[in-house]
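Here you get one chain, nothing else, as structure tokens; it is the form predicted on its own.
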């Protein structure tokens, strides 16, 4: 089995076995071009030479994508797909080894990936390759975002750099932050939030951090994303008629603070020039979050395990 960088000509052959990966299908057809042109990573394929009538022909039987995270200390592994006819032959493990080698070459010390809680086979594969679960996450998609909220009742606001000390202090003592593995989400990649680092400061400067509380204390934090991104629900980031506003980290010390943060996000959504048709929420698994989500019109929920290993 040969692991090599993907070529444009591989796309058609790969998509033939990336159709019914999940109950709803697959998304590789939507992200192939993005992954192929990724300047911070590599799209790999596994190729096997088949003998047929004394002639050798190569078949692409698997793929995976690896990307170097912005802090360059972590590589993100995703999109491992193996042709069903070639499973149970350690092809996925070979792809993981190739991606980890790439990470080491780039100076990364950790590798991470997410796996659905329902995907036992992938969980076992990750564990066989030395990965451990560092966090559990819920994903919600909320369609009911047309309802306006009375601003007078809200205790949340957009954070500024003046709030960074309070934010860091809150997160340092937050059980939710600990359970998150100290990460937030960006385009289905989980990135570390190192307290007092430029990552948090940049998020605040870009008006992506919200807080619930007052000048003396904070009871909740949310990180939002307005940027264009690949939309899992519609499988396309280029569909201008379908936009999703995202909460990519949600942390609150009580249900009221959590619901208030979500209500404040609703206000932000309706103040934007862009028309959003859904709110996507990524949250570390906390018991009261599901209660609050039910009260905000959640239509779907998925659960994921965040894996990591030293490389």
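The shown structure was predicted, so the numbers you read here are calculated from the model rather than taken from an experiment. Positions refer to the first chain, counted from 1.
Below: the form predicted together with a small molecule, not depicted.
90 is the sole member of 90, 164, 158, 154 with a non-hydrogen atom lying within 4.5 angstroms of the small molecule in the predicted bound form. Scanning 193, 82, 108, 203 against the small molecule in the predicted bound form with a 4.5 Å heavy atom cut-off leaves one residue, 82. Within 4.5 Å of some heavy atom of the small molecule in the predicted bound form lies at least one heavy atom of residue 125. Proximity of residue 114 to the small molecule in the predicted bound form: non-hydrogen atoms within 4.5 Å are present. Although the partner is absent here, residue 298 sits far enough away that none of its heavy atoms falls within 4.5 Å of the small molecule in the predicted bound form. In the predicted bound form, at least one heavy atom of residue 121 sits within 4.5 Å of a heavy atom of the small molecule. Here the chain stands by itself, but in the predicted bound form one stretch of 218 to 226, 175 to 183, 195 to 203, 90 to 98, 90 to 98, has heavy atoms within 4.5 Å of the small molecule.
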